[in-house]
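To begin, one chain is listed below as structure tokens, in the form predicted alone.
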């Protein structure tokens, strides 16, 4: 009976594995991570959880408008960011703009914007504009712009070049090439990315409100600072239900686009 040939030892995988293990151990040592602290405060966690499981339903009237404000922030931020991202993604697509210097500069700017986290964006706009929903809209718009631009230009660069070459051969202008050769191939992707960004923004807007960017996050921060965990439980529950409904609608919409 013939023996199966042994697979050669993949040294690179072993090196990567060892480096990751050493990196994990080093990180634990540097951060002084102690897992026993989690279990030491388990009693306090249980007490807080019990209070959160008994929501203050009388507080529902006061958080309805802030919750609607959070949804409005998400809609406006997603709309503004995605509208600006549409032409920007075309500018950074190398199969649309052949000048590598132009695409390189615009991609560099995009990469800088994408490195800024949501909370930092919110803090910056709070310092510039002040506390309120407008701050949250701007922060979400910048985040949406960075994410949708990145995903959309990558989709554009993977399209079939056949229609573009055919339109170029008959002397079509750049705008005609984009309209008839590019957009029909990528519009479903664009709408899908916008819906995905909206899902993320609904979640992010709650956290942004915590730092003063408007919405229900402000009431979450107040409730936590007053140790009103019954109100915190209500806010978490209502936010969870809204996000669940929005996610379901968004998922069904994306499924309809792919059919």
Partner chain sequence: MQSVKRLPKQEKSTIKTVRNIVIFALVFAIIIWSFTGIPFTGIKEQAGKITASIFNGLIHPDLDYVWRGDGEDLISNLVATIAMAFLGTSISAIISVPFAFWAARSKYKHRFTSATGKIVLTFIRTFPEIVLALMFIKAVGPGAFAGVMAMGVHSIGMLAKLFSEAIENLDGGTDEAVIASGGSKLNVMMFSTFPQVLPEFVSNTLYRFELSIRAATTLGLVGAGGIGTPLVFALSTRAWSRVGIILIGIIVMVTLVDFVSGSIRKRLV
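Numbering follows the first chain given and starts at 1. If you superpose the two forms and keep the largest set of C-alpha atoms that fall within 1.5 Å, you have the rigid core. Since the model is a prediction, treat every value here as computed from it, not as a measurement.
Heads up, the form predicted in complex with the partner chain isn't pictured, but that's what we're talking about next.
A.B. asks: Could you tell me which of 156 to 164, 172 to 180, 91 to 99, 109 to 117 sits within 4.5 Å of the partner chain in the predicted complex, going by non-hydrogen atoms?
C.D. replies: Result of the contact check: 109 to 117.
A.B. asks: Look up in the predicted complex whether residue 126 has a non-hydrogen atom within 4.5 angstroms of the partner chain, and give yes or no.
C.D. replies: Result yes; residue 126 sits at the interface with the partner chain in the predicted complex.
A.B. asks: In the predicted complex, does residue 48 have a heavy atom within 4.5 Å of the partner chain?
C.D. replies: Taking the distances in the predicted complex, the answer for residue 48 is yes, it comes within 4.5 Å of the partner chain.
A.B. asks: Classify residue 24 as contacting or not contacting the partner chain in the predicted complex by the rule of any non-hydrogen atom within 4.5 angstroms, answering yes or no.
C.D. replies: Within the cut-off, so yes.
A.B. asks: Using a 4.5 angstroms cut-off on non-hydrogen atoms, would residue 34 count as touching the partner chain in the predicted complex?
C.D. replies: Because a heavy atom of residue 34 falls inside 4.5 Å of the partner chain in the predicted complex, the answer is yes.
A.B. asks: Scan 105, 76, 187, 84 and let me know which has any heavy atom within 4.5 Å of the partner chain in the predicted complex.
C.D. replies: For this set of options, the contacting one is 76.
A.B. asks: Using a 4.5 Å cut-off on any heavy atom, which residues of 211 to 234 would contact the partner chain in the predicted complex?
C.D. replies: Contacting residues: 211, 220, 224, 227, 229, 232.
A.B. asks: Superpose the two forms on their rigid core, then report whether the C-alpha of residue 24 is displaced by 2 angstroms or more between this form and the one not shown.
C.D. replies: After core superposition, the displacement of the residue 24 C-alpha between this form and the one not shown reaches the 2 Å mark, so yes.
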